[in-house]
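Below you will find one chain, with nothing else, as structure tokens; this is the form predicted on its own, and questions on how it binds or moves follow later.
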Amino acid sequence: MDDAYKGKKEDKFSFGLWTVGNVGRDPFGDPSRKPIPPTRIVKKLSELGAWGINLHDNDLVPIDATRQQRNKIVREFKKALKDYGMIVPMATTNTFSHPVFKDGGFTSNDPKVRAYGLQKVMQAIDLGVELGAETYVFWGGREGAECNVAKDPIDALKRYREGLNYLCRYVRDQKYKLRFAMEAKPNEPRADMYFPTTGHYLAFIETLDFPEMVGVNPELAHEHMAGLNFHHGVAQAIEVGKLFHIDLNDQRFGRYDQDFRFGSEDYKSAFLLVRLLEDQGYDGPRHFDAHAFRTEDEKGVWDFADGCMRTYNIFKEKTARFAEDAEIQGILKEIEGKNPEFEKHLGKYSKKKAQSLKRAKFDIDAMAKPGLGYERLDQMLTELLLGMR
């Protein structure tokens, strides 16, 4: 395959220990491949051109590890990072796997569970910072409900806010260089999640004590599960300065959380996302939160990881080609350059401007008559993605 598309450190591609470490288990089947040790994951990803490795606390340190076991595991992992030139840009906490979290970590009705959840996250934050993480992601995998009369959703939101405010203050008290990124999901594993979309989190963040510390970590598959346009959601996060991290994968609309290889399903959506990130100068990690098919052995896992990075770079090249296509750019210039004399009526309000606009004459039938030519433009994009331009 063409090495021009191979991942490189400067691409800032990252994977999670849980992504390439996925053993092929699903709700109806046992694991189909053996676990890969974290230090081997670091080595292999580095060889493939990845830049970073992310982790939940228990991806690396078992939940029941002693302090001595924990220190040995972390010491060996840090040595692997150094030996293979990898970093940990992001860390997170598993508050969803153990049965203690069956009704949530931060939103549980039981204050003892909420207290344990906070303790676990603080310890995991310490671990993440020790490994060099500067972004901490919160995915509330169990923060939701099946029996909606069992938990007052207003109380649940207040509990979640209280937990995040507590942790923001903890980070500030410890003088950690760390910011939080919130990850939404509409459902699964709970029937109903309290923060189903990125937009829900963007609104919620502004209610926190330290909103400047908190942004979002949109995931492509999670937004597609809800039938939403992912690149629009990412654009909103960028526009308000809240895109702190991003999870890349792929997903068939309306299905369970599939976590397919990036760009493997919806080429146009993947192109639009890459174009947005590149055109806006996004300089954060490009994190692949996906995993290989259950049909694969370890070789297939590395084919999957290599494919994620190659596909992103292919779409990056397509983005450059789109920007250099004279015919496409000519159409865009024509679309965006219509009726410039009316710009004087727009923008920031003033009393004078409003009075002038109220006097303006509009022939709306004439305005509505011309076609906009979007069919032609969309076909050009299709041909470009199919390699015909």
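The shown structure was predicted, so the numbers you read here are calculated from the model rather than taken from an experiment. Numbering starts at 1 and follows the sequence shown.
Below: the form predicted together with a small molecule, not depicted.
Visitor: Taking the small molecule as it sits in the model of the complex, is E223 near enough to touch it, meaning that at least one heavy atom pair lies within 4.5 angstroms?
Guide: Contact check for E223: no, nothing within 4.5 Å of the small molecule in the model of the complex.
Visitor: So, in the model of the complex, is D247 in contact with the small molecule at a 4.5 angstroms heavy atom limit?
Guide: Because a heavy atom of D247 falls inside 4.5 Å of the small molecule in the model of the complex, the answer is yes.
Visitor: Decide whether D289 counts as a contact residue for the small molecule in the model of the complex under a heavy atom distance cut-off of 4.5 Å.
Guide: Yes, D289 sits close enough to the small molecule in the model of the complex that at least one of its heavy atoms falls within 4.5 Å.
Visitor: In the model of the complex, is there a heavy atom of the small molecule that lies within 4.5 Å of any heavy atom of E134, even though the partner is absent here?
Guide: The answer is no: E134 has no heavy atom within 4.5 Å of the small molecule.
Visitor: Which one, W139, Y201, Y160, F77, lies within 4.5 Å of the small molecule in the model of the complex by heavy atoms?
Guide: Checking each option against the small molecule in the model of the complex, the one that comes within 4.5 Å is W139.
Visitor: Please pick, from Y282, Y166, F293, F96, the one residue with any non-hydrogen atom lying within 4.5 angstroms of the small molecule in the model of the complex.
Guide: Here the answer is residue option F96.
Visitor: Just one of 255-263, 151-159, 116-124, 169-177 has heavy atoms within 4.5 Å of the small molecule in the model of the complex; which?
Guide: Answer to the contact question: 255-263.
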